[in-house]
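Shown below, as structure tokens, is a lone chain in the form predicted alone; questions about how it binds or moves come after it.
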């Protein structure tokens, strides 16, 4: 299991193209996240947990589906760390490991309401594979 998690960690880092050790843990990425209140783990925690190899909780977290992929965290990072890319890479790892998608394209419309931001609708379609 430990070897699989280490392989998953390396794959997440490779896929995201992000160097998590550049993070100085200032929290600016999380402070600007519009989905902050909906997430169990916040952008800076994703970066830290991938850096330290503590990815098992991330692989089981619903936070990977709460991220809007708006890249606000990327814009705010003073060190050029791209937390949203790490979240996307973790989500892709889960999809590949489970062989399943969290969301089907047909199911997006039934989850809409008038209060949902447009960016959430657009990014919902990124959360499934064809």
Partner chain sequence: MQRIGVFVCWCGSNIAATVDVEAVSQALAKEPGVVHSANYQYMCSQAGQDLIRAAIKEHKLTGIVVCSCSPRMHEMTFRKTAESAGINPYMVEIANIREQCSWIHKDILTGTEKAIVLGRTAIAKVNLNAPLTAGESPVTKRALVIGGGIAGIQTALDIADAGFEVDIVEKNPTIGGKMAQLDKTFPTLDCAACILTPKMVDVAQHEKIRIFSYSEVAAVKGFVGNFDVTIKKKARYVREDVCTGCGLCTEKCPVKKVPNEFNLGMDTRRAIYIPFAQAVPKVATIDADYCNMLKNGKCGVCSKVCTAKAIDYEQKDTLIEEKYGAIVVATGFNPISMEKFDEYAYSQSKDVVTSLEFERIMNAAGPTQGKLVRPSDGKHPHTLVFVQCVGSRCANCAEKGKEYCSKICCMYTAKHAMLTRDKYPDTDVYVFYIDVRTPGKNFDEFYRRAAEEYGVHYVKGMVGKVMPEGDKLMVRASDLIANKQINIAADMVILAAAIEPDKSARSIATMLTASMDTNDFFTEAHPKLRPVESPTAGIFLSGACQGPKDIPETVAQAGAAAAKVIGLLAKDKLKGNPCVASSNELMCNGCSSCERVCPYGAISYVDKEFRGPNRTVLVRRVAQVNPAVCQGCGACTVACPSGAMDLKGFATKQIMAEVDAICK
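Residue numbers count along the first chain shown, from 1. What you see is a predicted model, and the numbers here were worked out from it, not measured in a lab.
From this point on, the text means the form predicted together with the partner chain, which you will not see here.
The partner chain is not drawn, but in the predicted complex it has no heavy atom within 4.5 Å of residue 58.
Using a 4.5 Å cutoff between non-hydrogen atoms, residue 94 does not count as a contact of the partner chain in the predicted complex. Contact check for residue 80: a heavy atom falls within 4.5 Å of the partner chain in the predicted complex. The closest non-hydrogen atom of residue 48 lies beyond 4.5 Å of the partner chain in the predicted complex.
Residues are counted as partner-facing when one of their heavy atoms sits within 4.5 Å of the partner chain in the predicted complex; in 7-32 these are 24, 25, 26, 27, 28, 30, 31, 32, in sequence order.
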